[in-house]
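In the block that follows, a single chain appears as C-alpha cells, in the form predicted on its own.
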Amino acid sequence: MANRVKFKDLSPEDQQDHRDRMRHSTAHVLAEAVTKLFPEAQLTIGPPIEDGFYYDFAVPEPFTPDDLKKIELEMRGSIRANTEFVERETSRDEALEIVKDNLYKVEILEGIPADERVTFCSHSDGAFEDLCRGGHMERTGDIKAYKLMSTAGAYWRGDEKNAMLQRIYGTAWESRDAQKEYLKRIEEAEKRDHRKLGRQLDLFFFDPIAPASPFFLPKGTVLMNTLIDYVKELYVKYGYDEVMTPQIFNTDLWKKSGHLEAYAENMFFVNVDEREFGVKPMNCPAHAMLYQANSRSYRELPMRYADFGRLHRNERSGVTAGLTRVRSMVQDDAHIFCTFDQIGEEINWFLEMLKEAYHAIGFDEYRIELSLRPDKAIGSSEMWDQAEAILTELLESSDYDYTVEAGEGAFYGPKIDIFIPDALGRSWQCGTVQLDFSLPERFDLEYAAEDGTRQRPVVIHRAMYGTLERFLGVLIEHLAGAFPLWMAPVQAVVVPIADRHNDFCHEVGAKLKAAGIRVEVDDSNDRMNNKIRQAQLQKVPYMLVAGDREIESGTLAVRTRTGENLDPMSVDEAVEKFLKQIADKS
C-alpha cells in the first residue's frame, strides 16, 4: 500500500479503491493459474465486483470443485513469489496482433477506437500477460487473503445468443480476519436464504412449469395478504383510491405509452383475433386510461390511484433469483395525478407514508438515491431538466441525506429510490417515487384549471415496498423467517401435554381463533417437547402449553419461539396480550 498507510486509516473511497485493485489483481493471478493447468482455456474478462471478482473462461468442459482446489494451490505459488505487476501501453493494432488467436479479446479490441492506446499487464516476471484496463497492486504478495468460491455458466457479454463460458467467482480481502468475517456473513446468508426458508416454513415454491413465478402456499399467502392489507390501511389514511385494471392491452396502448419502444424486450405478447396484445409489466398506462375516462377539474386533484393488479415481466432466466427477481409479481403500486404546484407536497406526503410503512416492518434506517436520465430516455430534454431540478430542490430543502446516480432513472423520468439495509448489511432497493411529465403528453391528459384554461397534470409513480414478492424475500432473510406477531402466518400453537388434554386445548384454540388470532392445535402423538421444538422450527411466536395443572387453574403455560418462559396466563389474558401486540405492530 502506498506510503504503508494502514487499511483502516484510509478513507472509505480509498479503501474501496484498494479492494478493487486487489481483486482485479487476484483475477489476473487466477487467469494465470487456469492457463497453466488448462492450456486450452481462452481468457475473456475478469473484473472486480462487490465483495470479490470473477473471470470468464472459454473451456471445453466445466470446472469441478477439485479443479478449484488445484487452481487455488497454483495461485498460492504465484502470490508467494511476490512478483511485480507491470502495465504497458500499446496501440490497438499491435494489441490485435498479440491476441489474434483469441476471438474474445479481438472482439473487445475491435470495440475500441483505432487511435486509442490499450494496456496489457504482466506478472510472474513477464511469463503471463493479459489485456486489461489497468488498476493493480504493486506486487502479487500484496494479495493478503483470497478464496475461490464457485463456478457457473455465463454467456459471453451476458447475451444468451453468445457462447456459454465458465465463470469462476472468488473473493479477496485486505486481511485474513476481514475475509473470515466475510465468509461468516456468507454462511449466515445461506442459513437465511429465503428460498430454503420458503420451503422449510411452507411459504412458497418454484416449479419449471412456470419459470421464475412463485407458487404461494397457504402460509405464504397469509404473509402476502397481511402485507397488502396493511398497505390498504395506509391508503385509507393517506387518501388513495384503489382501482382494478385489465391484464392485457392492445399494443397500440404500449406504443402510445412508450413501453413498446423502450421496454418491449421485457414484455410478454399474445395474439388474439389476429391482433397483438401486451401483458402489462406496469400499471401506469392503465391508470392514464382511468384518468382519461372523464373530464377532470383542478378541484379533483390530486387523484391517487392504487392498484394491486398482477404484473408480468419477461426477465432473463440468468437474472431471476427466487422471490427477489420474478416474472409474475404484485406491487404496492400507485400513481398520483396532480398539478405542478402540488408536486412537492405530494412527494413529501408519500415519504411520510413510506416512513410509517418501513417502521412497521422494523426498517427505521434507509438511504435515498436520486437517479437521473438514462440512455433510453423518452420525452424532451426540457422535460427532463425540469423534472430533475424539482426532485433535486425537494431533497435539498429536506432533512434527507442522499446520493446522486447518473443514468439510473426510469425511461420516462427521474426518480428517488429508497434502499433498506438488512441484518447482514446488504442494501436493497424497494421504495421509489418517480416524476413523469411524458405520460400526460403522450396520453394528452388535461384538467380544467381555476382560470378556465386546459392544463397538463403531472404523474408521480410511487411504491413503498415495491414488488411484494421481492420485499417478502428480503424480509424473510432479514428476519431469518421469524416474523413479528402481526405478520406471522401462525401466531400461536396450543400444545396439549397428553391426549386427555386435547379437548381443553381445542377449546382454547377456538377462543383464540374467534378473537382473530391465527392459531393451530398440535394434537399429534408427538411428545410435548417435540411439539414445542417443531413450533420453534416453524418460527411460531408463541406456544401455549396445557396439562392437568393448567386445566385445574384455568391458565396456560406460555413459551416464546426463542425459548423464553412467560408467566402463566388465562385465555383472556393471552388474547388481550396478543391483540395489543398485533395492533401495535410491535
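One-based numbering along the sequence shown. Remember, it's a predicted structure, so these values are computed and weren't measured experimentally.
The following text describes the form predicted together with the RNA, which does not appear among the structures shown.
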Exercise for the section: Have a look at 84 to 92, 466 to 474, 505 to 513, 214 to 222 and name the one stretch with heavy atoms inside 4.5 Å of the RNA in the predicted bound form. Expected result: 466 to 474
Problem - Interface membership of Q179, the RNA in the predicted bound form, 4.5 Å heavy atom rule - result: no
Handout entry: R325: touches the RNA in the predicted bound form, heavy atom cutoff 4.5 angstroms
Key = yes
Practice task
Report yes if any heavy atom of L43 sits within 4.5 Å of a heavy atom of the RNA in the predicted bound form; otherwise report no.
Solution key: no
Handout entry: Y155, heavy atom within 4.5 angstroms of the RNA in the predicted bound form
Key = yes
Practice task
Look at the candidate spot formed by T171, L260 and S380 and say whether the RNA comes within 4.5 Å of a heavy atom in all three of them in the predicted bound form.
Solution key: no
Practice task
With the RNA left out of view, choose which of I497, V231, V279, I361 has a non-hydrogen atom within 4.5 angstroms of it in the predicted bound form.
Solution key: I497
Practice task
Would you mind picking the one in R139, R442, R316, R367 that has a heavy atom within 4.5 Å of the RNA in the predicted bound form?
Solution key: R316
Exercise for the section: Quick one: name the residues from 237 to 258 with any non-hydrogen atom within 4.5 angstroms of the RNA in the predicted bound form. Expected result: none
Handout entry: Outcome for the Cα pair V326, D56 in the predicted bound form, compared with this form (closer or farther; change of 3 Å or more)
Key = farther
Completion exercise
Working note: in the predicted bound form the C-alpha atoms of D207 and E160, off by 3 Å or more, come farther
